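Shown here is one chain on its own, the form predicted alone, set out as structure tokens.
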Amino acid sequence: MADWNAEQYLKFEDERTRPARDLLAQIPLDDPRRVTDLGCGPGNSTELLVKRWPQARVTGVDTSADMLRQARERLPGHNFIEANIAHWAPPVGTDVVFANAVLQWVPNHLKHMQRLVGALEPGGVLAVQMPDNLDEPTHIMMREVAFQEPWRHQLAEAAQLRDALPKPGAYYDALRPLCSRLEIWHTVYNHLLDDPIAIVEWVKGTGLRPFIDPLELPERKAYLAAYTARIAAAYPPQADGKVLLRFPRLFIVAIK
């Protein structure tokens, strides 16, 4: 895929940051020394960590140059590094690895979660939040439109870039032997948005990217028009004209 677009991502900053706040609230550490925001994006989640633990050394890690640029502008004086999560390991002394809405993009992410927990010292925390929405209309319709002509050959691999999340029991069995405490839960958010076009704008910053990035401008416009029509049918307006975007998310707090 092309590089992430921080400006597009931040169009819904409050809604995207809400799960990070909820995840952070469940980390039972008062005074960590070293904290990593893994997949920090434009720094909205990093800012939460800095505010909760101002005494800690907080480092943001991401693969996107544009996201890191935005994060550095947002939090000057803090450390941000470009690194691939699949090859990154927590530095010695890391107390918290915070991974908000990123590991779902990493192949074999469950193995990497085991690796990350294993690298922590006793008492260290891996805190994870991942969208669990591939069966929601937003994502079903991405695939349905992609399988149509004239896009089906060009977008044949787009739907394979992200797998459905394993069941909670799979995470439990894989992580429990490494943990003194393990919490796993789902939350379903219902984000209030202006209209179906706002839903399309939301997913353009994340899940829709593999489907539209490979397309030239005329093809992209045609794909988005077909997709938007389906979204409008799937998300009818409420009494006040707004729409509700149903968004399930999986949370895990693993304590070494």
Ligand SMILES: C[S@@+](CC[C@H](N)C(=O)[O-])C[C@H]1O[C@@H](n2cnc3c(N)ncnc32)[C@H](O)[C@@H]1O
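Since this is a predicted model, take the numbers as computed values, not measurements. Don't overthink the numbering: it's just position in the shown sequence, from 1.
Only in words, not in the display: the form predicted together with the named molecule, which the text now covers.
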*Could you tell me which one of M141, M113, L120, V102 places a heavy atom within 4.5 Å of the named molecule in the predicted bound form?*
V102
*Interface residue in the predicted bound form among I231, V35, M67, I27, criterion: non-hydrogen atom within 4.5 angstroms of the named molecule*: M67
*May I ask you to check whether A170 falls inside a 4.5 Å heavy atom distance of the named molecule in the predicted bound form?*
no
*Please run the contact check for T59 against the named molecule in the predicted bound form: heavy atoms, 4.5 angstroms, yes or no?*
no
*Is C40 one of the residues lying within 4.5 Å of the named molecule in the predicted bound form, judged by heavy atom distances?*
yes
*L178, heavy atom within 4.5 angstroms of the named molecule in the predicted bound form*: no
*Only one of 104-112, 170-178, 72-80, 143-151 gets a heavy atom within 4.5 Å of the named molecule in the predicted bound form; which is it?*
104-112
*Can you name the residues of 198-224 that have a heavy atom within 4.5 Å of the named molecule in the predicted bound form?*
T206
